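The chain below stands alone and is given in structure tokens; this is the form predicted alone.
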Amino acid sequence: MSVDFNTVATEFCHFYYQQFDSDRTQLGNLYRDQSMLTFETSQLQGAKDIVEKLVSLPFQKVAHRISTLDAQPASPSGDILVMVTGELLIDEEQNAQRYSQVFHLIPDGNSYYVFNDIFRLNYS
């Protein structure tokens, strides 16, 4: 049975952002020791360091709004490459900040984990 990479990418992103927005401390299960996050200019490797970085971000409330989501198969092994653009509503700010994020998802049994995660705010 072949995997619908668009469905996997969409379901993953909705789960990821819902978890991020409600409790960032619970994102560790989506990463592994070899996973890497590039967040703006910071690069971190390993689930523990990645979650520490995400938890340390200087806001209490955040809401992600996805504008676009594109996915492609990334290897014959079932990897999926996901590109997301959207808006962040942070704390009580009225003006959303635009962002771009790329995920490289690797199959792991019946689910996927994040091997690469690249995040950038988009300044106009």
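Predicted, not measured: the structure shown is a model, and the values here were computed from it. Quick note: we count residues from 1 along the sequence shown, nothing fancier.
We do not show the form predicted together with a further copy of the same chain, though everything after this point is about it.
Only one listed stretch (37-45, 22-30, 88-96, 53-61) carries heavy atoms within 4.5 Å of a further copy of the same chain in the predicted complex, and that stretch is 37-45. Among residues of the shown chain, residue 78 is not one whose heavy atoms approach a further copy of the same chain to within 4.5 Å in the predicted complex. Under a 4.5 angstroms non-hydrogen atom cutoff, a further copy of the same chain in the predicted complex has residue 100 among its neighbouring residues. Although the partner is absent here, residue 8 lies well away from a further copy of the same chain in the predicted complex, with no heavy atom inside 4.5 Å. Heavy atoms of residue 66 never reach within 4.5 Å of a further copy of the same chain in the predicted complex, leaving it off the interface. Residues of 88-118 lying near a further copy of the same chain in the predicted complex, listed in sequence order, are 98, 100, 101, 102, 104, 115, 116, 117, 118, the criterion being any heavy atom within 4.5 Å.
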